[in-house]
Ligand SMILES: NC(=O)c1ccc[n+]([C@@H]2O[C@H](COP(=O)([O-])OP(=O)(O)OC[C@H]3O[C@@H](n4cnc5c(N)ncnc54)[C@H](OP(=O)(O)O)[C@@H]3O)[C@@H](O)[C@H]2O)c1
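As structure tokens, one chain now follows by itself in the form predicted alone.
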């Protein structure tokens, strides 16, 4: 993975422990930025807030936040700056408006590992220290017991900021490589996006076919344990090159067709399942060509040929 080197970070100033700081700037007040600022305010932290659209600062000001009129003012207000922007590209235009030298930037925005590494290098070149974080939460409820903040970057920097960041939610430090937090976060989102879309397909199938959604929910409420077991099994298989049972690939392909038929019989869009079925077909085609089983995992890896 391409990454900026953590060793480029300037050292922490002697005698300074970032955990002693009870003031912070939050820049970007979308749902996660607002949640971040609210939790810190509730914990007694002195919070300066800034957003490109100033109207979003008003509700936080009522809770005790200090609105900054400009990005430069927000940057100058504190040594520690938490970013919650739409993506890493938005960071450049925001941070270039102030002096970053000697400051610490914690970017909580979502993006790819490669864009994270690029952003880290840009911040380090301006004399600041950098940490990347990614919220794994249920919506913007960062205080939910299941919420975690994935963090990567210099370990000493994270340790110094941990008391502040754990006011938000439990921290999972993943390593010095700046891209690691986003790698694990985006991998989980890959599963979540597929789950959320397939859930809505399932609910539409039930409703359009005259079934009862509450019954379906009751029948599937124990699925979490099965998903855990499948995750462990397929993770183990991935370490060995993937799940390579040819008969099961054929069964899954046929099973996907049954889902397609049931969906379309009810007038429900089955494009998602057709896409899934296509992966089984590609694995079957590759298996026939290779004369041995080619797992779907290898199709995703791009080396099925």
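Numbering follows the first chain given and starts at 1. These figures come from a predicted structure and were not determined experimentally.
Heads up, the form predicted together with this ligand isn't pictured, but that's what we're talking about next.
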### Summary
Exactly one of 48, 51, 263, 273 comes within 4.5 Å of this ligand in the model of the complex through a heavy atom, and that residue is 51
### Task
Have a look at 187, 86, 197, 170 for me and say which one sits with a heavy atom within 4.5 Å of this ligand in the model of the complex.
86
### Task
May I ask you to check whether residue 67 falls inside a 4.5 Å heavy atom distance of this ligand in the model of the complex?
no
### Query
Though only this chain appears here, would residue 38 touch this ligand in the model of the complex if you measure heavy atom gaps against 4.5 Å?
no
### Query
Hey, in the model of the complex, is residue 31 touching this ligand, heavy atoms inside 4.5 Å?
yes
### Message
Since only the chain is shown here, I'm wondering whether residue 231 would be in contact with this ligand in the model of the complex (any heavy atom pair within 4.5 Å).
### Response
no
### Task
Name the stretch: of 231 to 239, 211 to 219, 103 to 111, 153 to 161, exactly one has residues whose heavy atoms fall within 4.5 Å of this ligand in the model of the complex.
103 to 111
### Query
What residues in 111 to 148 sit within 4.5 Å of this ligand in the model of the complex, counting heavy atoms only?
135, 137, 139, 140
